[in-house]
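First, one chain by itself in structure tokens, the form predicted alone.
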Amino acid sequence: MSLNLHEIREFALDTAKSAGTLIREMREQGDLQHSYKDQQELVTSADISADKLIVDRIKARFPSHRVLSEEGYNDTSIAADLASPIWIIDPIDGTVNYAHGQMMVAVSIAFACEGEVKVGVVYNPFMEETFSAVHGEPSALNGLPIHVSGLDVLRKGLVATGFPYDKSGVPPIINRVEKVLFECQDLRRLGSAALDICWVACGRLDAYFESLSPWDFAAARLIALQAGARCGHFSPVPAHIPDCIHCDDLLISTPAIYDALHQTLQP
């Protein structure tokens, strides 16, 4: 396949920054419309506008490429086949943070082909931080190389997680959170999975675990992996789903504490 991954990255960076500018300006203007998916997941008019901006740019530049996005093209079954080019997009990761005027908000854009995520970009327009990676090359924050913390004792680790909108699934998660809390230094719940994972990549956090959707983590997982993180799951991955986009029981950490955390998260 004659795709230049560095050109893909530059396109993704430019597109993420354009979407970031849009969502920042829409929040500053203060006229956001709110709705709810499945009567529980918040969506703002900025989510819809940013999604359209990103998808329109991809369709104009790469008309044959497939798109999986949280707001517009959200049939996750198409992600089971990563052989042909596909873009995996979250126009606003951290929508609740965004709607409440908080800073942990990101635009996430991943590009996959040949069975793997090849390019990942995560842009926080409120902190002006851009995380990026190309498969097989070091990850970067604002153009400078980043690496995981290298921590080797879970007891000293700072671990992040999150919680689902559907509260019926919370009780077993609370059980896991309690177990991890007793084994690590402390826990964080920052409200943006993409940024949580990127913060593992740059050493601000030592580990992250949660069940997500592909658009929440596809780009950030590559960034963490190329920054030296160990990425996996604490439950079996179905044979028909690529590991890099399997959503359930995701675990990403600096390598030396992965096994201990994996064991702690078992039922």
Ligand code: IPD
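In this text the structure is predicted, and so the values were computed from the model without any measurement. One rule holds for the numbers: they count along the sequence shown, beginning at 1.
FYI, the form predicted together with the named molecule isn't displayed, but the following is about it.
Undergrad: Thinking of the named molecule in the model of the complex, which stretch from 75-83, 173-181, 121-129, 190-198 has heavy atoms inside 4.5 Å of it?
TA: The contacting stretch here is 190-198.
Undergrad: Find the only residue in Ala227, Leu212, Leu205, Ala50 having a heavy atom within 4.5 Å of the named molecule in the model of the complex.
TA: Contact residue from the list: Leu212.
Undergrad: Indicate whether the named molecule has at least one heavy atom within 4.5 Å of a heavy atom of Glu41 in the model of the complex.
TA: Flag for Glu41 set to yes.
Undergrad: Heavy atoms within 4.5 Å of the named molecule in the model of the complex: does Ser149 have any?
TA: Residue-level check for Ser149: no, no contact with the named molecule.
Undergrad: Applying a 4.5 Å heavy atom distance criterion, does Ile92 contact the named molecule in the model of the complex?
TA: The answer is yes: Ile92 has a heavy atom within 4.5 Å of the named molecule.
Undergrad: Does any residue in 154-168 get within 4.5 Å of the named molecule in the model of the complex, counting heavy atoms only, and if so which ones?
TA: Contacts from 154-168: Gly162, Phe163, Tyr165.
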